[in-house]
Structures are given as C-alpha cells and as structure tokens.
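Take a look at this one chain, the form predicted alone, written out in structure tokens.
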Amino acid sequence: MANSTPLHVVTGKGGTGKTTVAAALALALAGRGRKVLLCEVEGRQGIAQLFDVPPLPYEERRIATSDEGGHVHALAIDPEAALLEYLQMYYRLGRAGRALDKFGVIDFATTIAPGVRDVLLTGKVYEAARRRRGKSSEFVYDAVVVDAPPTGRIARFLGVNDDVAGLAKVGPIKTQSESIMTMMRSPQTTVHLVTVLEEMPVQETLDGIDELTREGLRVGHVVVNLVRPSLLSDDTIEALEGGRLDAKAVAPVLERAGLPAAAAATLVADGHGHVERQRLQTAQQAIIEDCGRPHVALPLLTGGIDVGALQDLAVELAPLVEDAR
C-alpha cells in the first residue's frame, strides 16, 4: 500500500502560466470524481484570483466541485504558520511558539535562515499527502497538486530536506527530512514542467528535466502552454513569402471593404511577422517533441482566464490525468 497520496508538482519559468496549469490539473483530477488539494507556496494568492474567491487563509477550503462528485480544496501554505504548527506537533511548543512569533523570531527564521522556508513548505505538503481519514487506511485526499516555485529552483526546493537530513544527526528533524525525501523520490510524486514555445523557456525546461533526473526526482509531462494557432492558410503564407501578396495587392481589397488603403503596408508587415512567429513556435515544438518526455499542448485563450476557461484547459489535460491513474 502506498505511503502517501499521489503528488503532482507543477513548475515552470515565470510567465509560462504554471499557476493556471496547476489549477486546471486540479480540476481535471476532480473531474474524475477525486478529492484534490491544490497548494500554493509562493504567497501570491494566485489560486484565489483564478477561482475568484477571497484570499486563502492558512487552512484548507473547498473552492470547486465537479459534476462527477470530485472536489478541489485549496491551501495557501504560509511558512510562519507552518513553523508554529511544526513546533507544536513535534516539540509541544504551543504557547512558547506563539511567544517566539510575538518577538519576531518566527519571521526571522523563515526569511533569513537558509533553506528553512522551503523545509517548512515541503513539510506541510508532506503532511497533507500522508494524512488519513481518522484511523482508516484511506487518505483524506486522492491527489495533491502543488503550484511550485519556478523551474530554476525546483530541484533545490524539492531536495532541500536532503541537506537538512545530512545536518541533523538524530531527532524528529532528521527523521521527517528523510521521510519527506523518500516521498519526493517515490513513484507517487511526479514533477510536471510548464513552458511556452519560446527559446528561453524551452531551454530552461530541458535544463530542469536534466537536473530533476540527476536528483532522482520523477519527471512527468511537459505542458506546452499558450500555443498560438496559425491565422493564415498555407496558400496565404505561400503568397506572402512569394511576394504576390503585397501592399499593392491588398490595398484594393481594403478599399472595397470600406477600410483605408494606407493600412495595407502595415497589414502585410503584420502578416510576415505572424508567419515568422509561427515558424519559431514550430521549431521550439520540435525540440519539445524530442525531449524524451510526454507532452500536452494548451491553446492560447484570448478571453482571459476564469473558472470556465480553467475547465476548458482541464479537458485538454486529459492525457496527463489518464497517465496519473
């Protein structure tokens, strides 16, 4: 029997939409009738904004329900609250811990001490993934999804407890750190990387795959986000590149449509720019297809992101959810 709930860690370069993907993945899992916990660890309240709910406190709250009976609960993990919880759980420092908080010691530890913040964040994820229903063998959640730090520091974030276990020779800190790393490197934990089809994010994704693999962390899907469809037919592209579709040819068409003929040059230039962007996107797509990891593409949604848009993206994530069975 597994020692923890399946854990999906979602990372990606800033600006690629990893929070959106994490939220859509949680909805996709709930759409299979599962009870899902969606966690954020960066203090941005991105989940609350996406689901149009008030800022999340340090407690688990239901934010979505699926027609299939699944639920999404959300938790914004606060490192200061997590440290107080840790002190109470392992050292019974209830009042003493609150006294430390009053004197600013908690804030100092979570912002200054190297690695302490990440230890507390991963520790709370660990606790949620292992929590069971009373004395039964069933887990409280069927899946946990984490909106994690960016790709550039994801391996360090997930592996921080390796360092702690090496420093702490005995005691609950060492025991918990080793247990957390066992979970992070188990088949129950999968790291998904979000990218867009641009050179820097794609390269960072490839670097992230290599680093995670070296650290013994399981890489799942590459989620290619914000994919732009081609707005031009093959014939139109051929005419543009062959010089047959130029400002002189476009101007009369604009005039017949009641538009200024002077806009023809700008329109043709925009067409060439679109063709070039699509060519660059196709080149980056080929790199992703050759990276050795399964991938799924999500379209660019021009109307913005709300719960309805998240549901649409959740449908597109079906291959990832099927592989997570």
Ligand SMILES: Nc1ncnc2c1ncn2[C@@H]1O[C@H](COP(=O)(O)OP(=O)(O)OP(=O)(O)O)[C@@H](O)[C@H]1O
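In this text, residue numbers run from 1 along the sequence as written. On a predicted model such as this, the values are computed, not experimentally measured, just so you know.
The same protein has a further form, the form predicted together with the ligand, not shown here; the description that follows concerns it.
Fill in: Segment assignment from 225-233, 154-162, 117-125, 241-249: heavy atom within 4.5 Å of the ligand in the predicted bound form
That would be stretch 225-233.
Worksheet item: Does residue 313 reach the ligand in the predicted bound form, with heavy atoms at most 4.5 Å apart?
Response: Judged by the heavy-atom cut-off of 4.5 Å, residue 313 is in contact with the ligand in the predicted bound form.
Item to complete: Check whether residue 33 has any heavy atom within 4.5 Å of a heavy atom of the ligand in the predicted bound form, and answer yes or no.
Response: Flag for residue 33 set to no.
Item to complete: Mark residue 44 yes when one of its heavy atoms lies within 4.5 Å of a heavy atom of the ligand in the predicted bound form, and no otherwise.
Response: The answer is yes: residue 44 has a heavy atom within 4.5 Å of the ligand.
Worksheet item: Does the ligand come within 4.5 Å of any heavy atom of residue 299 in the predicted bound form?
Response: Answer yes; at least one heavy atom of residue 299 falls within 4.5 Å of the ligand in the predicted bound form.
Worksheet item: Is any part of 12-27 within 4.5 angstroms of the ligand in the predicted bound form by a non-hydrogen atom, and which residues would that be?
Response: Those in contact are 13, 14, 15, 16, 17, 18, 19, 20.
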